[in-house]
Every structure is written in C-alpha cells, then in structure tokens.
Ligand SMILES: C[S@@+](CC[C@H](N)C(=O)[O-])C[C@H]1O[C@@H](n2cnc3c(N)ncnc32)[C@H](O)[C@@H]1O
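Shown below, as structure tokens, is a lone chain in the form predicted alone; questions about how it binds or moves come after it.
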Amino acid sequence: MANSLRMILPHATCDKPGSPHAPAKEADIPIARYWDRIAGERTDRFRIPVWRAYCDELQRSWLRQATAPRTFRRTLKTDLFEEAQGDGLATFLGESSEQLLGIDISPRVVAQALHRHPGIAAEVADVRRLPHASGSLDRIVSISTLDHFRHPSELQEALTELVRVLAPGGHLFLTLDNPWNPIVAMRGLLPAFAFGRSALLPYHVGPTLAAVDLQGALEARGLVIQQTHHQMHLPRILGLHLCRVLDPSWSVSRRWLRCLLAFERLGRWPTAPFTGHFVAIHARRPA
C-alpha cells in the first residue's frame, strides 16, 4: 500500500467535474487551510485517550456486527482526523480489507495519519470530488465527515459522490450529527463565528440530516437501506470532559470504557432518536 502523501486537492487536472482527479474549486483551498490550522493548534485537546478509545470501539462494534467476518477488496475511509490522533479505525479496517484507502481535505491531517498508519493509501482530496473511479470501492466508511459543510447542498453533493464510487454490491457506512438531539439542535442555532472559540465548540459544524431524511436521500440515489439507528447515547459534552480527567492506563481505561459503552443500551428505548448524538446508517448498492 502507498505510504506517500498524494495531493489531489489544489492542482489536479481533468475536464469532467466529479470524475476521478477532478480539479478542486478555489474555495476548497481556504477550507483545507482551515482544517490544517485546527489540526495544528493545541492538538493535545483532541488527544483524550479514554474518549478516543470509546469512539473507536463504538464504531468498530457497529461495523463488526454488520459485515464480519467478510473481507473487502477496497475500503475507503473518509476523514482521517481520528487516525491522525490515534488508532481510529485504521487497524480494524485494514484487517478486513485487501486495500485500505483514505482521504482528507487537510494535508496536515493526512500527513499525521500516514505517520501513525503508513499502511493507509492516503490522499489529500475533497469528499465532494473523490479521486476514485465510479463503482470502484466495495466499502466506504464515512464517520461524521459530511456534517461540516457550510450549506446543505454541499452535503447532498457529497452523498452523490459517495454513491458514485460505490461498487455494485458495495456497502456504505455513514454517520451524521443527529438534529433531533436537543444539544445538537441548540448548537445548530449558533452563528458561524461561535465555532472555534472554546473547547466546547473547537471547530465548525454545519447542516445535517435526520435519520428519515438521510435514508430518503440514499434511497433516491439507488441504495438499499440495511440498518438505520442512533448511536452515542452518552451525553457527549459530559462524557468528553469527564474523559479528560480519567486515568488513561489500560486496565483502568478498559473499565471506564465498559461504563461509557453501557449508555448504548438507551438505543433500544423509544427515546433513542433524541438521546443519540449521531444518526448511523448502513446502506448497500444493489449488485
């Protein structure tokens, strides 16, 4: 697998927008610089061992239940921020993939992820213009990537692009912030300048979709929904800041991890659409 940072974003050339290696828009360059700055500023505030372990295990258990023990030919992980900060899903996805690909719009994030996980074939690219041929990926894992745009149309554009590169019979795993969660709903009312000014709002968060709307958007693009649920029922703000003071030693953190994951039992309750921080959907493209 490649271990060199490949730049797709600023200067790639192609005469057909949306096709592999399509040129980035000029507006994308400031966006890349923004996430470069976020990745370079006080990164220790994101490296919270118990919290990172909790988030990673939450996603691994979902993916494991959905498709294990299958091995995929080519897996794409969009957004490498978790892999830049720690293990993320790199090891898990790599073990179940013949080739693990990754993209992020930030060159700094890609470089940090490659430093930790040289086995990822990582590229600097925009999820709205993926550098992959149509129908070339049989698994795509997109964890909270598409809820950072400025406009709802950009989220829809990214969904179209993910479906474009998904192979017949391929699986898409996607999460977005849940707008029915009261905290997420309140955050959505804040002006853009409020983000990036505190530990509670460290970076920009944009429009999202409720479960029913996300499901409808994917079905309209020809996918078949396998599962839709809500996840991360632990109050996110409380859990995040609690984890900052927890003992990160392995034996102690494993006990804390079990306690944090126990909140997922709330996903069986009728209140799940309101307590879950994320909408999680597993969809498949018909063979």
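We number the residues from 1 along the sequence you see. Given the structure is predicted, the values throughout are model-derived calculations rather than measurements.
Omitted from view is the form predicted in complex with the ligand, to which the following refers.
In the predicted complex, Glu82 approaches the ligand with a heavy atom inside 4.5 Å. Although the partner is absent here, Val165 lies well away from the ligand in the predicted complex, with no heavy atom inside 4.5 Å. Although the partner is absent here, Trp35 lies within 4.5 Å of the ligand in the predicted complex, judged by heavy atoms. Within this chain, Phe149 lines the site of the ligand in the predicted complex, having a heavy atom no more than 4.5 Å away. Note on contacts: among His171, Arg74, Arg128, His132, the single residue with a heavy atom within 4.5 Å of the ligand in the predicted complex is Arg128. This chain is displayed alone, yet in the predicted complex one of Arg52, Arg60, Arg221, Arg244 has a heavy atom within 4.5 Å of the ligand; that residue is Arg52.
The stretch that touches the ligand in the predicted complex, counting heavy atoms within 4.5 Å, is 96-104, out of 183-191, 208-216, 114-122, 96-104.
Residues are counted as partner-facing when one of their heavy atoms sits within 4.5 Å of the ligand in the predicted complex; in 130-157 these are Ile143, Ser144, Thr145, His148, Phe149, in sequence order.
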